[in-house]
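Single chain ahead, written as structure tokens, the form predicted on its own.
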């Protein structure tokens, strides 16, 4: 009986990876694993954490209440910002640290228009949609300013956006003559609270609409492909007919629009604004959401859904800490631990050592055989 001779030209078939290995290599593994750990912790510590009930709000309307509803509601602005921040990071290899200050500007513009320049108003001086569109335009222009500094003047993104980070809240205060406008019209607060007769917080619907829009944009346009191409290799993208500068500028404008939407939701919650406190430190949470989503902060390939999950994980962590009465001043310390773990685990040296550890048992088994 003759042994069949293997064709040397035949392609070598690689052994199929196990299910666990494929799961751990998936980009969404880290944020989903972090979310699962938080869920498991709360299930063990206090299962009532997940209880959702109907309660009356300040207007006497029945609405959904509970920690899970709070997570979905309070994460809305962060999720919207994380989407825009992901595109900016992918295209420019840097982050925009001015989104919190830009939210203050957008919110201030909207309040100035609906209040008609008054300190306190009971009815809106102009249609809300026009005021929001004005806020979007102003925020997009500031986004274009940041994008121009990065794309055309080749300033490092964090340095370029430091300008607006420093001056943004002063600009927001200047727009309303350093006054704190208050809009008492209940219809203005619908976007940040509840629509009449609907027990689910409105920001959840707004966030879902933004996610749906970007899902359609990434699916039916080349936005994602062009952004990744420029982030991976701008010179190669130029040779292929793309304009890296224009694409970088576009991602900053898109982030500016996301900032305006988030700013509108934030001021709509209370009907007023505090220039120094609104969206405080949210830029750090947005960057952390991008990193937690498995996206490289140096640009290139991205997964926008990873950033969305990362944003919800951050809010889940924040709500959990608040439940167990951790002081708000201590929250940045807990988030810093998460950042350190992410940075260390993503470092090339650590990745190489982990890969060697995985290969060691296989190598040892081969030597024994």
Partner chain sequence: MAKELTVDKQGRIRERAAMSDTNLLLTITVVVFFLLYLSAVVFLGGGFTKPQNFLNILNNNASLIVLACGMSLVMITGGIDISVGAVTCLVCMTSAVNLEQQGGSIFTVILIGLGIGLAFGVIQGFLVAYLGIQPFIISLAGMFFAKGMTTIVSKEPVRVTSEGFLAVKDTRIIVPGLGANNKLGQYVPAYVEIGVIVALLVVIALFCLLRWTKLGRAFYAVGGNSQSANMLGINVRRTKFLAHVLCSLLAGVGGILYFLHVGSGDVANGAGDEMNAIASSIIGGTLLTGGVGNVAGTFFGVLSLNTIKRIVSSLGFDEAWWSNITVAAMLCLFLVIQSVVLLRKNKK
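On a predicted model such as this, the values are computed, not experimentally measured, just so you know. Residue numbers count along the first chain shown, from 1.
Another form exists, predicted together with the partner chain; not displayed. Remarks below refer to it.
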Checklist line | All of 153, 156 and 330 within 4.5 Å of the partner chain in the predicted complex, heavy atom check | finding: yes
Check: Can you check whether residue 123 is within 4.5 Å of the partner chain in the predicted complex, heavy atom basis?
Finding: no
Notebook entry, point to check: Does residue 193 reach the partner chain in the predicted complex, with heavy atoms at most 4.5 Å apart?
Noted result: no
Item checked: 4.5 Å heavy atom contact, residue 73 to the partner chain in the predicted complex -> no
Next item on the list: Using the partner position in the predicted complex, report whether residue 339 sits within 4.5 Å of the partner chain, counting heavy atoms only.
Entry: yes
Checklist line | Which of 168-176, 109-117, 123-131, 210-218 sits within 4.5 Å of the partner chain in the predicted complex, heavy atom basis | finding: 168-176
Checklist line | Contact residue in the predicted complex, from 200, 297, 246, 144 (heavy atom within 4.5 Å of the partner chain) | finding: 297
Notebook entry, point to check: With the partner chain left out of view, which of 149, 257, 250, 265 would have a heavy atom within 4.5 Å of it in the predicted complex?
Noted result: 149
Next item on the list: Output the sequence-ordered list of residues from 74-104 with at least one heavy atom within 4.5 Å of the partner chain in the predicted complex.
Entry: 93, 95, 97
